[in-house]
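Here we start with a single chain on its own, the form predicted alone, put down as structure tokens.
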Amino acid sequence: MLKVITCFKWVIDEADVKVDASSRRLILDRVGYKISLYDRNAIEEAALLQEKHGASIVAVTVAPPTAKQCLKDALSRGADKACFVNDPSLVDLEPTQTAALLAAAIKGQGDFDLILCGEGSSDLYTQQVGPILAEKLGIPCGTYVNKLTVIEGEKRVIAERKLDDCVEIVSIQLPALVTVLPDINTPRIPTLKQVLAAGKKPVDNITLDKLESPSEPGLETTSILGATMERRRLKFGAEAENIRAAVGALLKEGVIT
């Protein structure tokens, strides 16, 4: 049976983020959290492999204990088991720290065939965790994948990589790690039955005393400011002269050609 591990991140729901108009600082006091949108694609791809090949799925995440509710969400989307690396200190980790903890947790899960990750997370979108994790585990890595085919009996996958100016098709020997793009699939909304069943699935709680503490961060975020957009606020009437002026302004700005 194909054994798939899918990694996911519990992130701030961007729909709840407010920006202070004067300072441009983010207001996060009342934000909700969710599984990163890109990681939902990774979990869905694992579920599709489960349906087609009878794969088993382990969902792995690194987060503080307060993020425990993310486990039920991941399990309701098709995972058979969750692995929760948790500690109050595991907040605002940078990619090398996250990848190191994921690698240690995955090694404790025994043999595996395929690791699926989102191309990036919907908060930082560094696109680094997948490749770093593959390097730490000593396995090949395929990135920017928008189609994945498992070749049964040959221990390999065919991955289509969507690059800037072409689509590259590669054969990757298993075990391997693949990072998927959002257009690889459309994540399903869990049914009530799946949500209820998720509460009965096993969860491995792994605390830092069972793993090495994360190393010092190689990156430091000093601040995050909301983007601004300057508008000229020009008004044009409906008369022919005003319409010509409006079209001329758009041509000048290069909005239309």
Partner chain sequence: MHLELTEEQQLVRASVREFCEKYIEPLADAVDQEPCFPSENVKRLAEQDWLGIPYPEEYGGAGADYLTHIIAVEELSRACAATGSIVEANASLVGFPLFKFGTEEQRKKYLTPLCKGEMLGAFAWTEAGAATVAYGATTAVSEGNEYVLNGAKTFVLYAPVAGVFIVFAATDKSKGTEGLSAFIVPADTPGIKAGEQVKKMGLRGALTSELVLKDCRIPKENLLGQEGQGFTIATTTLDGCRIGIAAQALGIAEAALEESVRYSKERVQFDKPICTFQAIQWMLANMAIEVEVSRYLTYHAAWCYDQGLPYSKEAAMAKLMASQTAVRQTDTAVQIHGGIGTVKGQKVERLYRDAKITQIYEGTPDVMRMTIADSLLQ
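Not measured: the values here are computed from a predicted model. Numbering follows the first chain given and starts at 1.
The same protein also exists as the form predicted together with the partner chain; that form is not shown, yet it is the one meant from here on.
When the partner chain is considered in the predicted bound form, only one residue from L26, L196, L208, L48 comes within 4.5 Å through any heavy atom, namely L196. Looking at the partner chain in the predicted bound form, residues K9, G120 and T126 place no heavy atom within 4.5 Å of it. Considering the partner chain in the predicted bound form, the lone stretch of 110-118, 183-191, 145-153, 88-96 in range is 183-191 [heavy atom distance within 4.5 Å].
A residue is said to contact a partner when one of its heavy atoms sits within 4.5 Å of a partner heavy atom; H53 fails this definition for the partner chain in the predicted bound form, lying far away.
The partner chain is not drawn, but in the predicted bound form it has no heavy atom within 4.5 Å of S215. Using a 4.5 angstroms threshold between heavy atoms, K68 counts as touching the partner chain in the predicted bound form. With a 4.5 Å cutoff on heavy atoms, K72 counts as touching the partner chain in the predicted bound form.
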